[in-house]
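Here we start with a single chain on its own, the form predicted alone, put down as structure tokens.
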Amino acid sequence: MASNAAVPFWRAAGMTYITYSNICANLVRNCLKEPYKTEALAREKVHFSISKWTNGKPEKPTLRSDSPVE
């Protein structure tokens, strides 16, 4: 039986590591001074494509841009 003493605090709080690292990254970006803050916020934007599969074949991909709400 494993002990809970060695569980990372982010896991004990019910978060995934990705959620924890995103929170930390946002805190660091918000602490930066200009012009570094603007540059870091510009790099935060994510672009990706989504393809639905029908009958084992991909349909035309949809391009998406996921940027934080300002």
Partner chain sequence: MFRQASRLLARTTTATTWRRSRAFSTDLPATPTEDSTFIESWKKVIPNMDPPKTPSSFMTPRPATPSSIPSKITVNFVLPYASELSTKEVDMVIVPATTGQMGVLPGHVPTIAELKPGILSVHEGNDVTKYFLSSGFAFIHANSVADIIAVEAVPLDRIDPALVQKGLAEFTQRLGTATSDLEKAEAQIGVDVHSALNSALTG
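Think of the rigid core as the biggest set of C-alphas that the two forms share within 1.5 Å after superposition. Numbering follows the first chain given and starts at 1. Predicted model only: the values in this text are computed from it and were never measured.
There is another form of this protein, the form predicted in complex with its partner chain, and it is not shown here; the text below is about that form.
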Residue 46, heavy atom within 4.5 angstroms of its partner chain in the model of the complex: no
Close approach of residue 42 to its partner chain in the model of the complex, 4.5 Å, heavy atom: no
Its partner chain contact at residue 53 in the model of the complex, heavy atom, 4.5 Å: no
4.5 Å heavy atom contact, residue 21 and its partner chain in the model of the complex: yes
Exceeds or equals 2 Å, Cα of residue 45 between this form and the one not shown, core fit: yes
